[in-house]
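One chain comes next, on its own, written as structure tokens: the form predicted on its own.
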């Protein structure tokens, strides 16, 4: 980078290594992707004062401020403090910026705060998860989405949390219009049918998306008081064997989901290859090495699932596998 600087320390402080000599970019953490206009204004001010006047919106709902001279890192960290206070991101020391970068910014779709299909407040849970697992330099990606539409693309993360609801049917409010049947067929999995003038839900087929609730004109369908989640595991991009996350638990509860994610950190601490590049071995590759059963033993420690929960005994990931023999046949 030109000037004498500890690149490893720079990255842990959430500043990006830059191809431009003597420059870096500050990575601003925004759990759940929601930030006040006031904080966004402060980010713009920092970009004008210390950067090159631009802001990059990242794929993980954070922002980066590029074009910062490395001599201004301390000044930028001081300026970031008001933003950190407002977003309630954990710190080791005030005015020192972000204390880690390995665990990536937690992604969330708009959820029930905005979307009629959202089964829960994704932003609220994303912020709670950030409090639970950050700061940490282990390479983890966690994402929340309000329903099985998966607008947040959580199946490309190590842990994806998909909102579910158990639709509650009040036959006395049903007028037999079949709107729910129609839209379950068009926008979901076709789990509803009309039987003797009333709607029957196939509980084995139903994915808990809540489409019936959204489209019922008489509120014969409502969401359950209990919030449920589908937990999907170990999706990833990258050069070697990219793959989508696969279902691990359906009808999980919030407490169990949080416990599983936190347990995964202990598992990685135990088995990570300390010689991996920058100590950031992807959790999926660790699972490939130790075996799925060992991974499950760690992540399910002290987890008490609700009776309704369904757990996959085995997960098989599909993905591109590269032939290292270079033989094209």
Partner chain sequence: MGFVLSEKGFEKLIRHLSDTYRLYAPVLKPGEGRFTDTDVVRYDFVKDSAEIELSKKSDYSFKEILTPLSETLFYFTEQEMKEADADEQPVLVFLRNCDLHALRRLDQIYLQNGTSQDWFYNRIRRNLSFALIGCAESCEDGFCVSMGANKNVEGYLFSIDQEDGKFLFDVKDFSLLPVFADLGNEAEVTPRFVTENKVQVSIPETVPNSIYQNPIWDEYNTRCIGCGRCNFVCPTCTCYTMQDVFYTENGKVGERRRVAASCMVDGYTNVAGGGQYRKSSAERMRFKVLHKVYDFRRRFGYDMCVGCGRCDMACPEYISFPVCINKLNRAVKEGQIHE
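Positions refer to the first chain, counted from 1. This structure is a prediction, so every number in the text was calculated from the model and none was measured.
Beyond the structure shown, there is the form predicted together with the partner chain, which is absent from this document and is the topic of what follows.
The partner is not drawn, yet in the model of the complex one stretch among 85-93, 239-247, 67-75, 197-205 has residues with heavy atoms inside 4.5 Å of the partner chain: 197-205. Only one of 252, 125, 154, 119 lies close to the partner chain in the model of the complex, with a heavy atom inside 4.5 Å, and it is 119. The partner is absent here; in the model of the complex, the one residue of 81, 179, 149, 131 having a heavy atom within 4.5 Å of the partner chain is 179. For the chain shown alone, residue 227 is a contact residue for the partner chain in the model of the complex, at least one non-hydrogen atom being within 4.5 angstroms. When contacts are judged by a 4.5 Å heavy atom cut-off, residue 139 does not count as touching the partner chain in the model of the complex. Within this chain, residue 101 is remote from the site of the partner chain in the model of the complex, having no heavy atom within 4.5 Å. Contact check for residue 193: no non-hydrogen atom falls within 4.5 Å of the partner chain in the model of the complex. In the model of the complex, the residues of 196-223 lying within 4.5 Å of the partner chain by at least one heavy atom are, in order, 196, 197, 198, 213, 214, 215, 216, 217, 218, 219, 222, 223.
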